[in-house]
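Consider the single chain below, provided in structure tokens and representing the form predicted alone.
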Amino acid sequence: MWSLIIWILCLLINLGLLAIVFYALLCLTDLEVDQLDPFVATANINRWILPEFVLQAVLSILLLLTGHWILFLLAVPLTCYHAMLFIRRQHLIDVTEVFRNLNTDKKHRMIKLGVYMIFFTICIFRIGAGILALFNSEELDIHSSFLEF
């Protein structure tokens, strides 16, 4: 039961991360085709950078504390990358350099989107396995509980 709750929590965190990265990609694409002002685009993206870093760190810590070592080892490089960007103060998009770094920022966010999609797929499968395990447990066996007098 607790495993299922943990995987649902991981799925919710992952959905938040997917939404943040997809929104940033959407803003960068709108900026690239001149549908969005650079000041507005950078303000919209920069508003969600720290929540993304926090959610990624929470996901990594959750995987570490619950003993999912392989998934933790898959998540920790992105968390370390976020920490490195934050320590070097390169995590925010600068308005004056947004067009110079546009393709690089889009590539980084596409890679993040791919990583988060992999984690999303893993979470969905683990939730499905948790539900099947919950229904196959001895506690929910209808035949034995109704037939015993």
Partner chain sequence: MEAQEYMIMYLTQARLEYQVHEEIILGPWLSLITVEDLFMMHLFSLGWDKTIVSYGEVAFGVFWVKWNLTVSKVVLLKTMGTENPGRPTSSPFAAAPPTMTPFSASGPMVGSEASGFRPPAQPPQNTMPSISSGPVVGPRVSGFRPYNPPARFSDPSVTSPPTAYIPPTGGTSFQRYPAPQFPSAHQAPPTGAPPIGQPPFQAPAGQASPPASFRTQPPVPLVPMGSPPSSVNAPQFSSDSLPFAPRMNFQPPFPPMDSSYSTARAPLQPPLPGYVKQANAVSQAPPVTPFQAQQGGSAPPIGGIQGLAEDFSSLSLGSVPGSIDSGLNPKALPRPLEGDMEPNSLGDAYSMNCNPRYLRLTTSAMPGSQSLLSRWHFPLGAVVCPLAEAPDGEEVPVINFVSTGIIRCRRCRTYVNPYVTFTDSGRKWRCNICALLNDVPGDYFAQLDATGRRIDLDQRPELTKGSVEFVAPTEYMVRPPMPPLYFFLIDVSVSAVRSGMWSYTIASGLVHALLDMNDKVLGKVVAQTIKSCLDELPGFPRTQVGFITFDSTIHFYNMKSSLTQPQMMVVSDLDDIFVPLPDDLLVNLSESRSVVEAFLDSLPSMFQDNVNVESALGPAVKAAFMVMSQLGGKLLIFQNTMPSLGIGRLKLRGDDLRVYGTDKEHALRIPEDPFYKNMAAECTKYQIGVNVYAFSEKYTDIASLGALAKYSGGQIYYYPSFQSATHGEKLRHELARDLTRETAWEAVMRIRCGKGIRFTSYHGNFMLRSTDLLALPAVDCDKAYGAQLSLEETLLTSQTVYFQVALLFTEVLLTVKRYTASCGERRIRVHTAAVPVVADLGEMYRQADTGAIVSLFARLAIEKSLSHKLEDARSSVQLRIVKALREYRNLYAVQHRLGGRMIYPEPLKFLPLYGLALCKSAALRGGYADVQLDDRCAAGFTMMALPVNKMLKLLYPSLIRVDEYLLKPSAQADEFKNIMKRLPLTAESLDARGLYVYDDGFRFVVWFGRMLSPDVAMNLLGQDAAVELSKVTLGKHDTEMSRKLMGLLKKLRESDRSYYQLCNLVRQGEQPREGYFLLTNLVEDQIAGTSGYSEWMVQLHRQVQQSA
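Keep in mind the model is a prediction, meaning the values are calculated, not measured. Positions refer to the first chain, counted from 1.
Keep in mind that the form predicted in complex with the partner chain is not shown, yet the notes after this line are about it.
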Exercise. Heavy atoms within 4.5 Å of the partner chain in the model of the complex: which stretch among 37 to 45, 54 to 62, 120 to 128, 104 to 112?
Worked result: 37 to 45
For this session: Tell me, out of 83, 95, 26, 49, which residue has a non-hydrogen atom within 4.5 angstroms of the partner chain in the model of the complex.
Result: 95
For this session: May I ask you to check whether residue 69 falls inside a 4.5 Å heavy atom distance of the partner chain in the model of the complex?
Result: no
